[in-house]
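Two forms of a single protein chain come next, each set out by itself as structure tokens; they are called structure 1 and structure 2.
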Structure 1
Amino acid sequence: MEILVCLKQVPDDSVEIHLKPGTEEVNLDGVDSVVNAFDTYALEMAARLKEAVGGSITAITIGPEKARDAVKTCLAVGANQGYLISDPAFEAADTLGKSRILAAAVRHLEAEAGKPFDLIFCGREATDRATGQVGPQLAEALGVGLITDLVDIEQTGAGICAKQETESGYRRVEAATPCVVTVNKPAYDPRYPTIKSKLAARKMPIPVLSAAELDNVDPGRPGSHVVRVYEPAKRQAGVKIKEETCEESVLKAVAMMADAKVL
């Protein structure tokens, strides 16, 4: 099975990030860049599927030269080859533009290899923007099927069977290949690279795909713009109610809610 995993390099979401004083500019000084968490889940799911049925995994990302490190990370934990899509013409692209760029890259790599991708994995969303738009837009650009919010997947005779998480539980969804899938957090964690796999990944070539190599794909003018950037309001401390009896505590809580007009 030929698998493509789309990933994004994002600021480390385990670090509390603030704006620069007096501005709407995010302060990323000293914050490391990492592979988006949902994309690591997608890669792990793809790697498990490859181990079960055989095949190859290609990792790809759009970004500046430093995004090459994200591809190296994927090469160290299951990907067989990786590509960096980088060009000044792509820097202003929004999610729709990036989906067009990725679609052009898919067609380029398929033509170069002489065979199509069976599955294209994307994370559910990126932790720095959380729009969840690229996967569905990529499926539309390629004209293939889409399954979102996967937590498990297996190959069937006709294609794939996916376990999809919904607001009310889970459901099984079958689809023919090729198709795009977006991955939520599964029941297992992504694997860690070993020293040996890290050293091997450093030696692997990561070709750069420019706009010229992608037939000068036009990402289009951004259809969205940022209105305002601000930090969330500080959460206020809660109120502890400690009366002598449970009944008195309940009465006091109800009275406080009535005063606040939330009843």
Structure 2
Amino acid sequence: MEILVCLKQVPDDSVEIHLKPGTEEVNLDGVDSVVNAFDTYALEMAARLKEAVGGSITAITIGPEKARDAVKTCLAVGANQGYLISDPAFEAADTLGKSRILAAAVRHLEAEAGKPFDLIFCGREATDRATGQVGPQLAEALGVGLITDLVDIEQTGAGICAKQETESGYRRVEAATPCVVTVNKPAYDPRYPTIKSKLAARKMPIPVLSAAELDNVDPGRPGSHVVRVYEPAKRQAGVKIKEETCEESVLKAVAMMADAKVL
């Protein structure tokens, strides 16, 4: 099975992101750039599928030169080859523009390899903006099927059968390949790289695909613009109670709750 995994490099989502005081600029000083968590789940699911049925995984990202690290990370945990899609013309692209760029990259890589991708994996959303638009929009741009929110996948005679998480359980959804799938948190965690796989990944080339290679694809003008950036009003921290005994703390706290008429 020929598999493509689309990923995004995002600020480490375990770090609280704030603005630089008095500005509308997001303060990313000292915040590591990581592969979006949902994309790491997508890669792990793809790697398990590849191990089960054979094939190859290609990882791609759109971003500046430093996004190369994200691709490198993926090469150490299951991807067989990786590409960095980078061009000044792509910098302002919104989700729709990015889906158009990714679709152009799919066509380019398929032509280069002389064979189509069977499956295209995306994370269900990125942890920074969490809009969940790119996967569905890529399926539309390619004119192929789409299944969202996967927590498991298997190959079938006609294509794939996916376990799709829903509010109250799951659905089993079948689609012919090629198709696009978006991945939620499965029951398993992504694998860790080994020293050996890290060293091997470091030696692998990560070619850059610019607009010229991608048929000068036009991501179009963004369909929205940000008017202002700010932080939500902070809740005021109240009283912290730490009496001699637990009983005393509780009595004091419940008295305060009663005074506030919340009981």
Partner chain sequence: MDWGNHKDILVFVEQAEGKPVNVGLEALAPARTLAGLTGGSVLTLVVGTDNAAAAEKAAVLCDGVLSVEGAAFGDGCTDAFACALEAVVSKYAPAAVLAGNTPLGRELTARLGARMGLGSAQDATALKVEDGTPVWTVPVYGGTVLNDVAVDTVPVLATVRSGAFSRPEAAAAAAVTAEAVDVPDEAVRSRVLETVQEISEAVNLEEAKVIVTGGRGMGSKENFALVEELAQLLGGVVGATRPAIEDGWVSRAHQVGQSGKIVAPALYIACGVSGATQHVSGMSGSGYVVAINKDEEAPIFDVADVGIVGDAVQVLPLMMEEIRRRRAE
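Under this definition, the rigid core comprises the largest set of C-alpha atoms superposing within 1.5 Å between the forms. Model, not experiment: these values are computed from the prediction. Numbering runs along the sequence of structure 1, starting at 1.
Engineer: For this pair of chain forms, which number matches the form predicted alone?
Structural biologist: The chain shown first - structure 1 - is the form that fits the description.
Engineer: Assuming a two-part rigid movement between structure 1 and structure 2, tell me whether T177 and F121 share a part.
Structural biologist: T177 shares its rigid part with F121.
Engineer: I'd like the rotation angle of the smaller rigid part against the larger, computed from C-alpha superpositions between structure 1 and structure 2, in whole degrees.
Structural biologist: Rotation between the two rigid parts between structure 1 and structure 2 amounts to 36 degrees.
Engineer: Once the core is aligned, what is the C-alpha displacement of T245 between structure 1 and structure 2? Give it in Å to one decimal.
Structural biologist: Here the C-alpha difference is 18.6 Å.
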